[in-house]
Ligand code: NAD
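What follows is one chain in structure tokens, specifically the form predicted alone.
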């Protein structure tokens, strides 16, 4: 639950409160095993393979992150793969854990054999997943640099958010089942479904190339398998690498270099409509501070779905009135 709240605080509503009812329904349907514990199935000094045991994905991913940090502390670099973990949620959460502890980290996550959400460059029908990647690096006296992105134009969950809010989506996000551009999010989730576009617009071959890289790293190496047309999502395939900075350079030298780079970047003249140049992760951290004081807004349909799940688990009462 903490993961979902933080995702909503960061402005990633596609991986926040809207996922609560999905996960709760998954427990009811037997998709998740809430009592399972991740276990190491293969281990070497600077690497490990973790089986999530079918638990909620955040449990397995947090376990893998802590394990990689322990190994990197000793060996400088550690890579952990994670399989049978279901949906790990917001991928940026895990490199951020490492960065806040003084490490650098990167993560690749595919969707196993599922391959229907994103069209390949030059195609009209979905054959890949959104295939996110994330990176985080610590800063001196500030929140870490944080890159958290899909290799599609947007996360699939943003389409769900638009449907629940009764909103349209921008043209350029998706196509309908015939491969035609659409602004109707329901066309993306119809039967037969539409699909999202790869990142990059007129240079979408770059997003497509990144997506293929994530398939190989998260799927083939991660052990959950690559996109092959499976109709349903089973589990993310994850590859996480953590770096101990002081095995490679003096920590103060590292911080000095980041500070100098950031100061240089911010001397650029501003484009029309911009008041400042933000760093990767700054919008999320600012949104979190704002929502911590003002609260997280949940649309009526999502709230109704959450309440129905609460009722099933015996948590519904007069106190749950949406206030």
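Residue numbers count along the first chain shown, from 1. Model, not experiment: these values are computed from the prediction.
Heads up, the form predicted in complex with the named molecule isn't pictured, but that's what we're talking about next.
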Are any of the heavy atoms in residue 38 no more than 4.5 Å from a heavy atom of the named molecule in the model of the complex?
-> no
In the model of the complex, residue 279 touching the named molecule (heavy atom, 4.5 Å) = yes
Consider residue 224 of the chain shown here, and say whether it contacts the named molecule in the model of the complex, taking contact as heavy atoms within 4.5 Å.
-> no
Any of the heavy atoms of residue 283 lying within 4.5 Å of the named molecule in the model of the complex?
-> yes
Counting only non-hydrogen atoms, which stretch in 97-105, 211-219, 81-89, 240-248 is within 4.5 Å of the named molecule in the model of the complex?
-> 81-89
Among 154, 137, 204, 116, which has any heavy atom within 4.5 Å of the named molecule in the model of the complex?
-> 154
Quick one: from 146, 197, 169, 188, grab the residue that has a heavy atom within 4.5 Å of the named molecule in the model of the complex.
-> 146
Would you check whether the named molecule, in the model of the complex, lies within 4.5 angstroms of a non-hydrogen atom from each of 12, 150 and 234?
-> yes
